[in-house]
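Below are two forms of the same protein chain, given as structure tokens: structure 1, then structure 2.
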Structure 1
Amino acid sequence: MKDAFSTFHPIVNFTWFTAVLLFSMYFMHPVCLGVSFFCAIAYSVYLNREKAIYFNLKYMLPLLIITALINPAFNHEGGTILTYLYDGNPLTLESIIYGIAAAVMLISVICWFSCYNVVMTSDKFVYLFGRVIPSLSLVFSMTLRFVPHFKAQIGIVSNAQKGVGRDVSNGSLMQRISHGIRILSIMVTWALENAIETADSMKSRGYGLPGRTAFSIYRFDKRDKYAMIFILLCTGYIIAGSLSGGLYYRYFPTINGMGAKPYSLSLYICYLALCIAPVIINIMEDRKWKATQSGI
């Protein structure tokens, strides 16, 4: 079950992610939030399977609850007063709903980024931007790679230290702390050195020089063309709709906004089509794969 959307041309992947991430951050309309949330969860579960379910339940659910609870504690705006807080400020229905909406938006953006990390690998990113902004794209791909790389290296260093009896699991509390600090110091040194080495290595290969060409196996074929047209059409329609107020929604002072008018409905459907596209593509590919298998 390989992700079929990842096999599309990087420009298609990148355009889609940019559009979806920006829309997710910008649209506070509850239908848009719901669509984005549902699609983000669906795609991240498709990509990472059990790991994503586990991650979402363990980290995202508490984050959602905390974010939703924090808002009414500090925000007392809204026309519907439910009760009064201990300090005398009102607790309003609008602030609670806004808190939930903001929490859902936060979670869906984090989920989209977890998908982005799987689909937009650093080679794709460097392929897209290596020519236009060489140093920035190198820095960007190194930054994105930093955390997983650091985690892997910390395991190696920690094991080596364990071999000489100086791991965080050895000794008294103070000794453990000092071992931990030592490991951290090793890691910082390594990270700085590694960054310089990577930069030097790329420089010695002529990265970013004018005449240099890059090997790539990406081809912009018919399938990519159709996908690109679809993404651009959807994006254009949604942006136009949002500019003309079709996705208007406000939480304060009273909740009010676009409901189920035909024009708004068409925008919701368009947004859903855009967000769910990779999952649909994947399901279709899986079906094709199964069909060819059963034929043999």
Structure 2
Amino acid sequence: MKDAFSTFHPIVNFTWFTAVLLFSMYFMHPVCLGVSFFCAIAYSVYLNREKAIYFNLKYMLPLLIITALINPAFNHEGGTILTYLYDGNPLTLESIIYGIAAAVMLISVICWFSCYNVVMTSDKFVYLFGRVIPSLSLVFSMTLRFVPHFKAQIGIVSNAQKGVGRDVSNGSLMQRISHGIRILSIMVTWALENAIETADSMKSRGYGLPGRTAFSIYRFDKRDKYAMIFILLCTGYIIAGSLSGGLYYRYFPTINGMGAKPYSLSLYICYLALCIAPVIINIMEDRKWKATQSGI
């Protein structure tokens, strides 16, 4: 299923991800952590479907548990002592809760970055930063392209070698090593030839010449303007609320923070609206698409 949020202008996507990632790494208030966590999971599942569910259950859930358990074993701060460990250090309630909060924050950031990799393609990155940092953006784009291209090519070479009995799965140990070295040599030669062809192609297309223009399919329309205004308003309101103490929360030496006051509730709602925006956009677009199909 196509992600509607990915069709927005790259500057909208990048601004939203920047705000959400920074907020997810900075705000340690439990409500903010919970909002970021569940929105990140929801968006990653929408983008990657069964693959995201499998990845979250196999890797993210164990990482969450391990991270939450490690912190109390090394962090003994806090005023509420529950018991003492075998080495005599105290086990505090604050260290346990902080460990859970840190684990949730880590998982949320990882999930947001997985969504970023799907939405912010190399073409969008080059479009945004090609004029500001042209060399770095080009290298970054080529690196992102080279990894899957190299992986696909090594599969082709390996299958070709397997057809003549020279794959790493054929023969004795020494023969397998020899076959692996041969495949590696072929891949190095292919990579060097591909680099020369890319350089010649870039030169023939006028790369680096002054006044050279670049084609772009991205246009900043009215929909992007409204989305950008929404993101900036939410971001500004959340930053202002954080600076005024509306999202204050501490774990040490004792747990204390801003409760469910009207001003804080408005900040929570605004943060939820910002984080869940892509999912809402996709749901609305899916309903429009279904309504269009039913009307045909």
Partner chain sequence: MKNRMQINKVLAVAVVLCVLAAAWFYGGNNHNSDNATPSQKPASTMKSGEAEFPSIKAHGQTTEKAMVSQAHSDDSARTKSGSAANQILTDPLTPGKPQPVEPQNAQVTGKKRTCTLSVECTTILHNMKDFNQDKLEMLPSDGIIFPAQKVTFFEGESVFNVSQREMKKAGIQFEFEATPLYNSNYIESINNIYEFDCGELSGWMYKVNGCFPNYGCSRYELKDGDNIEWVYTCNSGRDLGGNYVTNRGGV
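Just so it is clear, the structure is predicted and the values come from calculations on it, not from any experiment. Basically, rigid core = biggest C-alpha set you can superpose within 1.5 Å across the two forms. Each residue is numbered by where it sits in the sequence of structure 1, with counting from 1.
Novice: Two forms of the same chain here; which is the form predicted together with the partner chain?
Specialist: Structure 1.
Novice: Does the C-alpha of Asp224 move 2 Å or more between structures 1 and 2 once the rigid core is lined up?
Specialist: No, its C-alpha moves less than 2 Å.
Novice: For a quick test of reading the superposition: does Asp167 move by 2 Å or more at the CA between structures 1 and 2, rigid core aligned?
Specialist: True for Asp167: a C-alpha shift of 2 Å or more.
Novice: Once you overlay the rigid core, does the Cα of Asn75 travel 2 Å or further between structures 1 and 2?
Specialist: The answer is no; the displacement is under 2 Å.
Novice: By how many angstrom is the Cα of Leu184 displaced between structures 1 and 2 when the rigid core is overlaid?
Specialist: C-alpha displacement of Leu184 between structures 1 and 2: 7.6 Å.
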